[in-house]
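Take a look at this single chain, the form predicted on its own, given in C-alpha cells.
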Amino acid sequence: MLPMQPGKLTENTIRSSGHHITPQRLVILDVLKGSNGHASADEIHSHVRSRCPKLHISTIYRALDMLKRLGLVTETALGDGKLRYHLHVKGYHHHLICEKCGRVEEMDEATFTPLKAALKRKHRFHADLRHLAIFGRCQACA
C-alpha cells in the first residue's frame, strides 16, 4: 500500500472529527503548506485574499483554532507579539530566539529527548514538547 499524502491525511483527520472540508479551509491549508516558515493569521489572510477576497480574518482564526485542536497545526509565539502557525506534517522543531537582535534559529526536536525522559522518570510527568520558543542571547549578542 502506498503511504498517504500529507494533504489527504489532513483532510481525512478533519472529516473524521466531524468537520467539513470547506473551500476556505482548503485555501488556508494550501497557504500553510506553501509557507516556508511560520505564518501569522494576518500573513495567511493576506495570501488568501487574492483567492477569496471576501474571506474574513475571523474565519482564519476559527480554522486555525480547529486545526490546532485536531493536532494538525502547531501554534508558537516567537516574540514579535503574533502567534505563528506551522503544519504538523512539516515536523516538530524548536526555536532559539535572541532577545537582543531578534535572530531566530531552529533546532531539532531530538535535543529535548533526554529532557522528556528525565521528566518522565524523575517526576512521572509526560511533557508535551512539540514546538517551543526559547528566549535568550545569540553568540554574537551575548
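In this text, residue numbers run from 1 along the sequence as written. It should be emphasised that the depicted structure is a prediction, and the values quoted were computed from it without experimental measurement. C-alpha atoms forming the largest set that superposes within 1.5 Å between two forms make up the rigid core.
Another form exists, predicted together with another copy of the chain; not displayed. Remarks below refer to it.
Colleague: If you check 57, 52, 66, 107 against another copy of the chain in the model of the complex, which one has a heavy atom within 4.5 Å?
Modeller: Checked against the cut-off, the match is 107.
Colleague: For the chain shown here without its partner, which stretch in 111 to 119, 43 to 51, 29 to 37, 58 to 66 has non-hydrogen atoms within 4.5 angstroms of another copy of the chain in the model of the complex?
Modeller: Going through the listed ranges, the match is 111 to 119.
Colleague: Please check if residue 123 has a heavy atom lying within 4.5 Å of any heavy atom of another copy of the chain in the model of the complex.
Modeller: So residue 123 counts as contacting another copy of the chain.
Colleague: Taking any heavy atom pair closer than or equal to 4.5 Å as contact, tell me whether residue 21 reaches another copy of the chain in the model of the complex.
Modeller: Judged by the heavy-atom cut-off of 4.5 Å, residue 21 is well away from another copy of the chain in the model of the complex.
Colleague: When the contact criterion is heavy atoms within 4.5 Å, does residue 87 count as touching another copy of the chain in the model of the complex?
Modeller: No, residue 87 is distant from the partner.
Colleague: Can you check whether residue 96 is within 4.5 Å of another copy of the chain in the model of the complex, heavy atom basis?
Modeller: Yes, residue 96 sits close enough to another copy of the chain in the model of the complex that at least one of its heavy atoms falls within 4.5 Å.
Colleague: Within 117 to 142, which residues have a heavy atom closer than or equal to 4.5 Å from another copy of the chain in the model of the complex?
Modeller: Contacting residues: 118, 119, 122, 123, 124, 125, 126, 127, 128, 129, 134, 135, 136, 137, 138, 139, 142.
Colleague: Does the C-alpha of residue 15 move 2 Å or more between this form and the one not shown once the rigid core is lined up?
Modeller: Residue 15: C-alpha displaced by less than 2 Å between this form and the one not shown.
Colleague: Does residue 132 move its CA by 2 angstroms or more between this form and the one not shown when the core is aligned?
Modeller: After core superposition, the displacement of the residue 132 C-alpha between this form and the one not shown stays below 2 Å, so no.
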